[in-house]
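Only one chain is given next, in structure tokens, and it is the form predicted on its own.
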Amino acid sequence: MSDTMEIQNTDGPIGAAITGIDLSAAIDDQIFARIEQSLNDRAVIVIRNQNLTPDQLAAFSRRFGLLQVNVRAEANSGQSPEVFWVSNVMKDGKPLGSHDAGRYWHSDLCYLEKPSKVTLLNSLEVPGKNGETYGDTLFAGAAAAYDALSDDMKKRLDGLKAANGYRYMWNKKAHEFGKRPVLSEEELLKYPPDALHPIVRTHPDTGQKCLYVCYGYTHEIVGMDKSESDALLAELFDHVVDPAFLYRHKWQVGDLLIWDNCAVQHKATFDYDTSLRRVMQRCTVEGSVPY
């Protein structure tokens, strides 16, 4: 099996495609080590032609570490609670899974003390029409973005922390898109409080410095005047998504897309209507406390 495995890098700083392996069956440590090394090198990789059951996705995902159960329990799989559905499909009059995930640039579960280390997203149905596929996912390289900062900006950011809030994101998204209910302050309390993380995060495996702020969740720099905080965050939000740091993933059915949430952030595109079905299953792997 390892003899047929091929890895092809994209032209940019992030992204690679892997072919020639089947993850529905157990893979040996040698193959997994190559996958893991490619992820460390390229931050986001796709393994093609993987039509996995929820149990198979969860089993492979556990190779990366402890799986997380998403706070939105209604979108989790009844068969495997660690599997989270991302879909625009209705089932029994209710959304099958999260139908508005990825509206903003974000790093998965950055609102927790221990954010996601790795995310694995497997496409079962991809929106398409007349031979065209829709719903691409965009990725921004956080390490490349940090490296491109001026020395003065690197010094300014050194030691700063920012608040990342699920509660903040919820009502922001509810007001802007109208796809989820606006919650009261009391209702929001069921979700985690803000997590304070370094603006410049050190990758726990590669040692790279990465920008760790995202438009979807990061809303305040600790100890800084609001106007100054807002201005600096806006500048960083624009910088990290510069086209020079981006990879655009065009989905195929059976793609297993894997990304490193310290090294990249991502955003979905919603360039299709609800008549075009999108069904994906996701696992996230718990990471370490950012430093």
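All residue numbers are counted from 1 along the displayed sequence. Worth saying up front: this structure is predicted, and the values here are computed from it rather than measured.
Keep in mind that the form predicted together with a small molecule is missing from the display, and what follows is about it.
- For the three marked residues, Ala145, His203 and Tyr212, no heavy atom of any sits within 4.5 Å of the small molecule in the predicted bound form.
- Not displayed here, the small molecule is kept clear of Phe60 by more than 4.5 Å at the level of heavy atoms in the predicted bound form.
- Within 4.5 Å of some heavy atom of the small molecule in the predicted bound form lies at least one heavy atom of His106.
- Put simply, Gly165 is far from the small molecule in the predicted bound form: not one heavy atom of it is within 4.5 Å.
- The small molecule in the predicted bound form is approached by Thr137, whose closest heavy atom lies within 4.5 angstroms of it.
- Contact with the small molecule in the predicted bound form, judged as any non-hydrogen atom within 4.5 angstroms, is confined among 155-163, 181-189, 106-114, 204-212 to 106-114.
- Among Ala195, Val126, Leu149, Val86, the residue placing a heavy atom within 4.5 Å of the small molecule in the predicted bound form is Val86.
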